[in-house]
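Before any questions on how it binds or moves, here is one chain, the form predicted on its own, in structure tokens.
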């Protein structure tokens, strides 16, 4: 399928989205931040958060110097806040052990907190122009249709996915560009629910040539958000993000009144994940802010109302 390379690259040159992390001058660290944010989160929600993040913390050391609470606040509504915690940990390791430079090889990247197989290959490819297969959900779907003639990819990834994509990669410096173009095709044309085959730049597609056979896989239900523990965790975190000092249990309780057992479960999970903490006096705060706030409170001397008026005016 050698013809796929020039067709896909020509299409990408003409119609690629202008995403900020693809622009010239973006550093490997900033690309890594985008990959953390883009996990399970739409581009439209990530873009403003990413722009604000890299302006505030352009390097791993700048991110590492921030407090865990500041990082969680900056993460905002991106969801799955454990990613923010892991990104902070990742920045700390890069700053301390790699002289503030993101590693360029997949093996080393895989040792960093929060960096999995996809993210490691994405950074090696997009930041350092390495010829490595990068396989996300969109790429798996494109390969399933174009190469194998199936409507959908298998339910779970496998080593064969990497082998399939590596076979398609050009053997020269165009490989990284081809990788991002393949992802772009899956994200904008060869989509899951309503593929726009009339706009596909490829003249060879096994799925199309076979008459678009239907998927044989069981239809997966769309994951709902309303009423889930994820929503409750988000509501609780919203209360803490909106306060610079620890809050009482009563302040948290009003964030979710419909199911108190679910609220308690969500609160416990946030504590276990290390996203929030409980202070010695029983209040709650974002990670890193609890004990500091209590210590600060204890250092404020009480106002001596019995002091002479002359002293108060000095």
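Treat the numbers as computed from the prediction; the structure is a model and nothing was measured. Positions refer to the first chain, counted from 1.
The same protein also exists as the form predicted together with the DNA; that form is not shown, yet it is the one meant from here on.
Of the residues 206, 117, 199, 163, which one places a heavy atom within 4.5 Å of the DNA in the predicted bound form?
-> It is 117.
In the predicted bound form, the residue from 112, 240, 124, 71 that sits within 4.5 Å of the DNA by heavy atoms = Comparing distances to the DNA in the predicted bound form, the residue within 4.5 Å is 112.
Using a 4.5 Å heavy atom cut-off, are 42, 138 and 183 all in contact with the DNA in the predicted bound form?
-> Affirmative, all three are within 4.5 Å.
Taking heavy atoms and a 4.5 Å cut-off, does residue 131 contact the DNA in the predicted bound form?
-> Close contact is absent here: in the predicted bound form, residue 131 is far from the DNA, nothing within 4.5 Å, heavy atoms only.
The DNA contact at residue 35 in the predicted bound form, heavy atom, 4.5 Å = Flag for residue 35 set to yes.
Is residue 83 one of the residues lying within 4.5 Å of the DNA in the predicted bound form, judged by heavy atom distances?
-> Output for residue 83 is yes: heavy atoms within 4.5 Å of the DNA.
Would residue 154 count as a contact of the DNA in the predicted bound form, using a 4.5 angstroms cut-off between non-hydrogen atoms?
-> Result no; residue 154 lies far from the DNA in the predicted bound form.
Pick from 71 to 79, 169 to 177, 206 to 214, 90 to 98: which stretch has non-hydrogen atoms within 4.5 Å of the DNA in the predicted bound form?
-> That would be stretch 71 to 79.
Scan 8 to 23 and note down the residues that get a heavy atom within 4.5 Å of the DNA in the predicted bound form; none is a fine answer too.
-> Heavy-atom contacts within 4.5 Å come from 17, 19, 21, 22.
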